[in-house]
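A single chain, nothing else alongside it, follows as structure tokens in the form predicted alone.
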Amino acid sequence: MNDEKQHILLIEDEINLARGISFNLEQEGFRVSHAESGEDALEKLSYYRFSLIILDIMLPGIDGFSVCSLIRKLDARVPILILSARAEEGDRITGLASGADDYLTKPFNLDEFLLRVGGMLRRSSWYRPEPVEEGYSFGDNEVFLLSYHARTAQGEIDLTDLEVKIGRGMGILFGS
């Protein structure tokens, strides 16, 4: 893998399954954030950028189909993999029509799951060319607004959407 870990959002309300999936993804070198509900996931999406979203359908509160549609309105390019026990053809069609890129039913083969995740991330990079950006430096700090991260004396940190908006509002990105 590359130096920067790709950040995956796992939206799954079954905690034991979520722990197992997170463990296996982390073993593959990914960074994983977990949300137990659609509402929790949407809140995380307002603060962080994710490389991939893995989404269950049967969630407390907002169901996965609605979450998928809302995510698609926020980001048309982030890959979404639905991982659900609902295996009916109608559910798969609804999931894909809601904006998911792939649909895998539970129980699933771990190797197949990891191959699908890797393939989706690889293909998504084709549509997200790496922008050439220069950091804005002050003191021992360097801020990269396009890639949502900063380097500080204490190490690298991810920036939230709000922090990037503030930085852009201050004219950092355009050097004004």
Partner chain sequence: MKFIHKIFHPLIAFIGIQLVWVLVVFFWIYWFLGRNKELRVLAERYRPDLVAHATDWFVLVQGIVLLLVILAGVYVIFLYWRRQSNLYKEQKNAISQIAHELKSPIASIQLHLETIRLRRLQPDKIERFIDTMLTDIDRLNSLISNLLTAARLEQRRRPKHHQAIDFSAFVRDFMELKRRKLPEDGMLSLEVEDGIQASVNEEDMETALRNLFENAILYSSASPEIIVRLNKERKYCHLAFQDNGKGIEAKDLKKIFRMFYRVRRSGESIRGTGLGLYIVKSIIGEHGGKVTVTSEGNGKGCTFHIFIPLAKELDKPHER
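Residue numbers count along the first chain shown, from 1. Please read all numbers here as calculations on a predicted model, not as lab measurements.
The next section is about a form of this same protein that is not shown, the form predicted together with the partner chain.
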Picking from L114, L70, L121, L146, the single residue whose non-hydrogen atoms come within 4.5 angstroms of the partner chain in the predicted complex is L114
- Task: Answer yes if any heavy atom of E89 is within 4.5 Å of a heavy atom of the partner chain in the predicted complex; otherwise answer no.
- Result: no
Close approach of Y47 to the partner chain in the predicted complex, 4.5 Å, heavy atom: no
Should V164 be classed as touching the partner chain in the predicted complex when contacts are defined as heavy atoms within 4.5 Å? no
Practice item. Using the partner position in the predicted complex, report whether Q27 sits within 4.5 Å of the partner chain, counting heavy atoms only. Key: yes
> Is the partner chain in the predicted complex near all of L17, I57 and D63, within 4.5 Å of a heavy atom of each?
Replying inline: yes
Near the partner chain in the predicted complex, with a heavy atom at 4.5 Å or closer, the residues from 91-110 are K106, P107, F108, N109, L110
